[in-house]
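Next up: just one chain, as structure tokens, the form predicted on its own.
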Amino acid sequence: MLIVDVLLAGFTLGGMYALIAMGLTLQYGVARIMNLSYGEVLVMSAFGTWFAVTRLDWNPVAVLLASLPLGYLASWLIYRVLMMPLVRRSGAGPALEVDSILATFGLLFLLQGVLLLAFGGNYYSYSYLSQPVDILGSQVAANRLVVLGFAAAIGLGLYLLLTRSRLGTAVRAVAVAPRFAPLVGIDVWRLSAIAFGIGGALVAGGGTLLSMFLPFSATMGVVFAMKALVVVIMGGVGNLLGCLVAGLMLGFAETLVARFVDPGLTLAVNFALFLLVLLLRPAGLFGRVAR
């Protein structure tokens, strides 16, 4: 059935966008770091998964379970080593955003150069659960169902962490009022490093999931970073529900345009939807206008 095809494709793609954007909104909304190298971390995770599956004969699900803590550790180290001097110098003020953009812009080219040197500019992929599964008369690749399930589970786990734990309460306090959080005993710099690390875990997991059903190359990180930024701004910076809704909107918009119009117009419809949301809701779907 056509409607089942569209729904499953839209939810899978939109869920991926939402999951990836949640990590970026944590890094920017909590740590105040605009990480332009975010997409390159995703692509590095995808290539790492490809290597583990094709060369070491690992199962992609096992790689996913390993990529989450590794992504956290790598991003935590990036924050402590590269970003912490910028945070101390700027006092976490407005200058931090400019400094972080310049620093992560350089990191973007460094990581992309390493990937190009190691893998070249070709597209890579591997076969994993590519056999079709019949759902209400519609044939859907099993790997897409696996990706949708894991994306939903990771997103739900993040939501519960931020809403049902003391750590999550502290992280949300830093995101809402970083200047007043120290007054109640919250270590803002420590929590910022943790949030930056969680964002890295999400994007690393997203890279592994993406590699299960889409081909990828060393230069496509910028595209995913751009889409994640669009989702973050559309949903409202720092708002996880906004990321989910905006990600699904983009996923369904791309699916509908690719299916019924022209696959080459998917990027155009993304920006058209982005501009429409900004015209109607300048602070994002769930953002609040600063006063």
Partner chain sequence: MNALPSPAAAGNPAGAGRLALQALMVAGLALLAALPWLGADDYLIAVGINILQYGVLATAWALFSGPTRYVSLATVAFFGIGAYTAAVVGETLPWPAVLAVALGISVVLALVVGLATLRLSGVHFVIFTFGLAELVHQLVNWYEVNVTRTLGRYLFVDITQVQIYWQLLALLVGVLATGWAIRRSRLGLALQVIGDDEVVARHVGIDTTRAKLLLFAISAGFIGLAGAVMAPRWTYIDPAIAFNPVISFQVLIMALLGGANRLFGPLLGVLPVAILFELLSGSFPNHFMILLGLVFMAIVYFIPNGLFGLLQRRRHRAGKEGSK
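All values reported here derive from a predicted model rather than from experimental measurement. Positions refer to the first chain, counted from 1.
Beyond what is shown, the protein has a form predicted in complex with the partner chain; the following relates to that form.
- The three residues Arg89, Leu267 and Phe274 all sit with a heavy atom within 4.5 Å of the partner chain in the predicted bound form.
- Here is the short version: of Ile194, Ala173, Val188, Leu107, the single residue with a heavy atom within 4.5 Å of the partner chain in the predicted bound form is Leu107.
- This chain lacks the partner; the member of Ala66, Leu240, Leu229, Ala52 within 4.5 angstroms of the partner chain in the predicted bound form by a non-hydrogen atom is Leu229.
- Although the partner is absent here, Asp262 sits close enough that one of its heavy atoms falls within 4.5 Å of the partner chain in the predicted bound form.
- Among heavy atoms of Leu136, none comes within 4.5 Å of the partner chain in the predicted bound form.
- In the predicted bound form, Pro85 approaches the partner chain with a heavy atom inside 4.5 Å.
- Contact check for Gly149: no non-hydrogen atom falls within 4.5 Å of the partner chain in the predicted bound form.
- Proximity to the partner chain in the predicted bound form, taken as heavy atoms within 4.5 Å, picks out 112-120 from the listed stretches 67-75, 112-120, 165-173, 178-186.
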